[in-house]
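Quick heads-up: it's one chain on its own, the form predicted alone, in structure tokens.
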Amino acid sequence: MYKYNEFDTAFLNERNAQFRAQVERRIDGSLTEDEFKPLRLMNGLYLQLHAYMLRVAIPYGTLNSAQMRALAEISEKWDKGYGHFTTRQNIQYNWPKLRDVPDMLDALAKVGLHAIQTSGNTIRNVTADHFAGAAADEIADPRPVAELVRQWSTDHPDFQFLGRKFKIAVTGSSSDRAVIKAHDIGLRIAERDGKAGFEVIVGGGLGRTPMIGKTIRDFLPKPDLLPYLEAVLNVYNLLGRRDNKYKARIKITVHENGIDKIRSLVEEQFLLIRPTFSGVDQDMLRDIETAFAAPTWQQKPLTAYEDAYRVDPVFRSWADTNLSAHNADGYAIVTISLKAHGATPGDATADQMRLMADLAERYGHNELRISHEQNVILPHVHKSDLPLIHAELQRADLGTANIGLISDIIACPGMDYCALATARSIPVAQEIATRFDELKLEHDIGALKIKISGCINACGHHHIAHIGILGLDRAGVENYQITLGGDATMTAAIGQRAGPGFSADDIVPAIERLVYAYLDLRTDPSEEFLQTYGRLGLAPFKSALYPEVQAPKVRAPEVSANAA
């Protein structure tokens, strides 16, 4: 993985020293909160419902063991002993004191981490497929490209004050595990005539106006990437709305102008910009690629794995749900669930973070990944080590066998933390997971994605969930709307609103009715929820959600006054 050089280190140290001075001026009153706000946002510091929150970038979701241990230490020393992993492959600390934040940033810098551009109207943390460099279906590792884009976009003078935040995601696989169609720019590595390039998708995004991105270039040669991205950003900077922040994202720019006009303007800009790129960026990319060379794979017998799989049903259940195919013989990708039944999705304690760091160091070639689904991945594990890893994870409450199942819920912090939220997300996720664990149904249900947002900003990605839940405020009362049929893969789709919302007390029973309806409606256990929904549409699920609406109204018979 990429290691910061002297320039990177000097840049971070200078940036952190600058912010330390700004914090001191805020504390002594030299800066008002209004004056301090844009400065703190440039350094990932929010003011949430109860306290400050520091959002730390985990570039393209990749960590080594030393970095994970540093995250654990920071959570213990300056927070409440845990961190919250987010849908943007970041980690958030929910309770730092303002005067401690500069020390936290210095501690991060020592291990090559930072909080730059994790907030504000700029290019945010570049995200990538969390199986990058390991997936069996991968064309190429997308992380070198993501690192190049990170370096290009960091403190880029033209893109620090955009109309709104701007998000870029990269995948190197035919399977989309990075949700590229729900980003401002999505990049999919492709090949044509033996040469590498990219499908470029623009104008995706969720929030109050969810949209699926559109392909602006079906194949962009690899050397043209940065000038083309710069052309897209230039066009957005020129045309993007600044009169209304709710209409300022590039998805609205594409929608209002049409993809054909945007494409024409981008291509025109690209022709102007391309000659200014001398090829230095490609030299940089080649250097970066060497940092992402595959580990030296081990050759060991699989007897321990095969024996455990045969005789231990708990291990077998975990292996069936939490392991994915690796591109090296004898290896597997391990997804560690941060969704123990009843737990807060995405939270990990300092001790759990240290354990995962130890496991990566001992068994995983010193690599960890964070997924946008708020789980942690050991991307390179030899199968012979899996029984030992599973035993360690179980002791730390990290061995839940539920990846991709109904309790593997994405949820934003909601009204428990966020100043923008209008409803709670975490308790709803906890109650759904607990209920279906009690029913012992989730493995029978199979693949089912539930995602929960506590407001219309959609940080929980509810629009692209198989079952999406949006918490809103209705006259001071929490109300939860359900959407169905969303899809976060290469066949991305926005879910359809099912009907009126449910109260906090009624939302879990509503989900239960929905799931039982699916079990009755599917042709057989191999037909997943999204397939059943695609085959039958909304109507039968709506009937299950709102049975009182479907029941015929029977009028009582009239009784004659003369009746005996």
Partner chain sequence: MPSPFTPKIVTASDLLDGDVIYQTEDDRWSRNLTDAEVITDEAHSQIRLLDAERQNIALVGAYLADVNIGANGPEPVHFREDFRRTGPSNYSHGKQEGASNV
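Being a predicted model, the structure only gives us computed values, none of them experimental. Residue numbers count along the first chain shown, from 1.
One more form of this protein exists, namely the form predicted in complex with the partner chain; it is left out here, but the text below deals with it.
Heavy atoms within 4.5 Å of the partner chain in the predicted bound form are found in exactly one of 237-245, 258-266, 271-279, 342-350, that being 342-350. Distance criterion of 4.5 Å from any heavy atom to the partner chain in the predicted bound form singles out K97 from the list K97, K110, H156, R208. Of the residues D524, E33, D520, D505, just one reaches the partner chain in the predicted bound form with a heavy atom at 4.5 Å or closer; this is E33. Contact check for L388: every heavy atom lies farther than 4.5 Å from the partner chain in the predicted bound form. Using a 4.5 Å cutoff between non-hydrogen atoms, R424 counts as a contact of the partner chain in the predicted bound form. Contact check for K80: a heavy atom falls within 4.5 Å of the partner chain in the predicted bound form. Proximity of S384 to the partner chain in the predicted bound form: non-hydrogen atoms within 4.5 Å are absent; the residue sits far from the partner. Heavy atoms closer than or equal to 4.5 Å to the partner chain in the predicted bound form belong, across 443-480, to the residues D473, G476, V477, E478, ordered by sequence position.
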